[in-house]
Structures are given as structure tokens and as C-alpha cells.
Ligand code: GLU
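The data below hold one chain only, encoded as C-alpha cells and taken in the form predicted alone.
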Amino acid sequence: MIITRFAPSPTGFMHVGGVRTAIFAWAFARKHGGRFILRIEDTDKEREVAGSIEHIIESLRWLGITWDEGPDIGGPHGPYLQSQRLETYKRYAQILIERGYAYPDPYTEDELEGFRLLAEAEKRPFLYRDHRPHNPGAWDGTQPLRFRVPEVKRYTWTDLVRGELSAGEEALDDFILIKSDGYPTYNFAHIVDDLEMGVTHIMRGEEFISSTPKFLSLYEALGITPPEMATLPVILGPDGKKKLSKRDGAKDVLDYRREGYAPEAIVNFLALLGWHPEDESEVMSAAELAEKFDISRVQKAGAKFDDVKLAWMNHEHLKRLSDDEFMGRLTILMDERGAEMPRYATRALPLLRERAQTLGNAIESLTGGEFAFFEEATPSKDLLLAGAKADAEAVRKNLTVLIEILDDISERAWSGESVKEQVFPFATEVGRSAVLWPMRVTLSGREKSPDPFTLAALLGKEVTKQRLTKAIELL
């Protein structure tokens, strides 16, 4: 069975790079009927941020990324917080000590700094293995425990995305397994956890390539077969030249929820940063994505984060929602913002669905008065004539004829298309601006608004005629 994992550190918000790693690991497991594990790597207590674990879980749950084992639901390989697995790491450390592959580090920080300065003065790289103690003694847990590289050699391995990779002895050195505070390092803990949890495939960032020889030497020392590794392409900033950073607009994933993005769109968009399905489709649900996911189609080159593409994709996913789903999500977001839902919101729904790229945009339109014409429209005489390119008498006559034309459309046939079909020939004959401008301004009361045919369809036949009659009286 294929088993993947996502193992974030609780040191801050969930950024898009981490989320994409989770999506790929989740999709790969789901595609092959495997299991997906959430594990929290909380051994760096100095950098841990309070509330981060809850934030990670909330973020993934909002996105719809589900796991089969994890800190909140348990599982056969728990616990799933590394800080609760210290005895397991000590057990494996003891195995390495007994095999001669681990020893206590007797040096102080000052002594280590002296070794580094000496190497710098001699213009050579600092390698701890050049300073291994001859008789380190027994490890009592108060000193760091270091791994003794069993053999300094060149390693070659196959990456599912990058193909064959290799690194020589310059990448190998004795590294710390367990720190003096009793917590393991990432280099040690993730290997033990992946072994204990049966992980078969690892999705990772390219920053781990340089450390792979260390991992492989530790796998050898423990006598275990490494999982398959897939190195994902870096996510680039908008300029496509460097890694996406906070300065480039990298956000906490929950910021997108607060802005009114659909979680389906975030998952869809991030999955396509460095991967594309065989059929080249773009707008997909999470289930469709998992069904189509193929690790062989993950690219090596970096993928540019494009806010415009994300907004477009979000709009496409919002259009997939039913009216009830759209209004339900909109209501929740408005409540979170403390905004009041206008009475005409339901009537404005067709326009909102057509125009809003995010639910945040929809709220801005509703609360900013953009659709207040549903309640009232009171244009001034000057606004009625501003873009008409005709005098008041001509516009008044045109609106009078317009009412007669609209009278011929039955209530049953009333729609934006039917209104356009009847009105447009007349407008073309006498001058479009002298008919369509005053018609639109009359119905909306605003200089900028949807087209007059859409407005007529939304307001209905009677309201449309009433407002046109008032405009005639005003003129």
C-alpha cells in the first residue's frame, strides 16, 4: 500500500509551498488507494509558535485535504506529534550506538567555533568528521548525540521527478541526531518516523536534495530501504525569477478564506503549479484532481505564482456553486466581517455570480451600494442627458416610444434577451446613445452600472416601466 505524509513544523502560518506539498502527497495517496498521514514535526521548541498546530489543522480542513492518521484523529502509528515520540528516537539512537554509528559530542560551542575558524584560515571546508573524538565515552543524554557517517563515498539515487541525482563526499558529515535538550533533529526524526509509519513515498522541496546523502547514509546504518522521493519544483514569485516570499505577496492560506476565495480553487490552482494532467484540463474539483494525478507529469522547472490566474480560477469555481451554496458561503463571510446582508441580495445574485471574482468582491458590491438600484433609482436630469447626445425633448420622446415597445413583451417572455431584441432596432434607428444611455441611467440611477437589458431583466417589466415613466416626468 502506498503511504504518504505531510509533516509541517508549527513555526508559523501555512504558506502556499507547504500547502502544495500536502496536496501532492494527498492526491498521490488517494489516486492509488493508499493512506495519507498528517504528522507534526514540533521538535524545534525555540521556533515553535503558539497556536500553529491548530492553525495547520484548520487550514487543511478548510481546503478539504483529509488524512487517515493524525494528531487529531489518532491511528495505529501514533502519537503524531514528534515531541511525544522521544522514547522512540532514543530507542533507535541506542541501536546506532550499539552498531558504532553514533557517539556523544564532547565539544563546547567555543571549541566548535575554533575548529570552524581554523578551517576558514586554511581555506578548506569545515567537517566535523575531521574532529571525531577518539574516546567519546557513553552517552548520558546531556550531550548532543552525533551520527558517525559509516562510509565517505559518492551517493547516487533516483528521484521520481528529477531522475538520477548524485552527490559526493562533500555532502557527507557527522550530524546531530539528538540535541542536548533531548529533542531529535529533523535529519534523524523524520527517518525514524517514516520507517515506523510505513511511509513509501516522500514529497519534498528541492532544499532537501543537498541533505539526501546524509539521509541515505543513515538509512544504510539502520539497514532499511529508503522510501521513494519526489522533489517538487519551487514556486516562483510573480516575476518568475526567484522563490515566492512574503515580500512577493506569499500569504497565510487562511488569508484567502478571509478574502472570499473558494477552497476548491486554492487546491486546484496550487496543484497546477508544477503539474498538469494528461488531458490539459484546468478547472477541477479535488476528486477530479486526485483521479488524474500522475507523479510523472510533475515538472522540474519552477512554477510562477500568478494572482490573475488564481482570481480567474476562483471565479470559475464560484460559478460551479449552486445559488444556495453561493449565498450560504457569502452569508458566513459577511457575518465574519460584521456586514449586513441587503434585502436585495438574492435578486442581485445573478450579477454577483457573473461579476465577482471572490466572495470578498461580492460583499464590496453589496455593501458599497453598487446594487442599490434594486431598492431605488433617482437619476438627475443632468445625468439622464449627460451621455445621451440629444436634448431633453428628444430623450423624452425616445423613452415614451420605449415604454410602448416594452409593453409588447409579455411577462412570461420577459428577459434580457427579449428586451434587447425589441429595443435594439429602435435604438439603432434613432441613435443608440439617445436611447440606451437614458434607459440604463433611468433603471440604475448611476453613471456606471450593468447594461440596460440586464437591468430590465432583473427589475422586471412593471418596475422597468414605472422608472421609465418617472424619467419622462422628470424631463
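What you see is a predicted model, and the numbers here were worked out from it, not measured in a lab. When you see a residue number, it is the position in the sequence shown, counting from 1.
Not pictured, yet referred to below: the form predicted together with glutamic acid.
S.K.: Glutamic acid isn't shown here, but in the model of the complex, which of 225-233, 200-208, 286-294, 385-393 has heavy atoms within 4.5 Å of it?
M.R.: Going by heavy atoms within 4.5 Å, the stretch is 200-208.
S.K.: Can you pick out, from 344, 326, 186, 183, the residue that has a heavy atom within 4.5 Å of glutamic acid in the model of the complex?
M.R.: Looking at the other structure, the residue within range turns out to be 186.
S.K.: Using a 4.5 Å heavy atom cut-off, which residue among 41, 48, 69, 58 comes into contact with glutamic acid in the model of the complex?
M.R.: Residue within 4.5 Å of the partner: 41.
S.K.: Looking in the model of the complex, any heavy atom of residue 7 within 4.5 Å of glutamic acid?
M.R.: Result yes; residue 7 sits at the interface with glutamic acid in the model of the complex.
S.K.: Just to make sure I understand: among 58-76, which residues lie within 4.5 Å of glutamic acid in the model of the complex, judging by heavy atoms?
M.R.: Nothing in the stretch sits within 4.5 Å of the partner.
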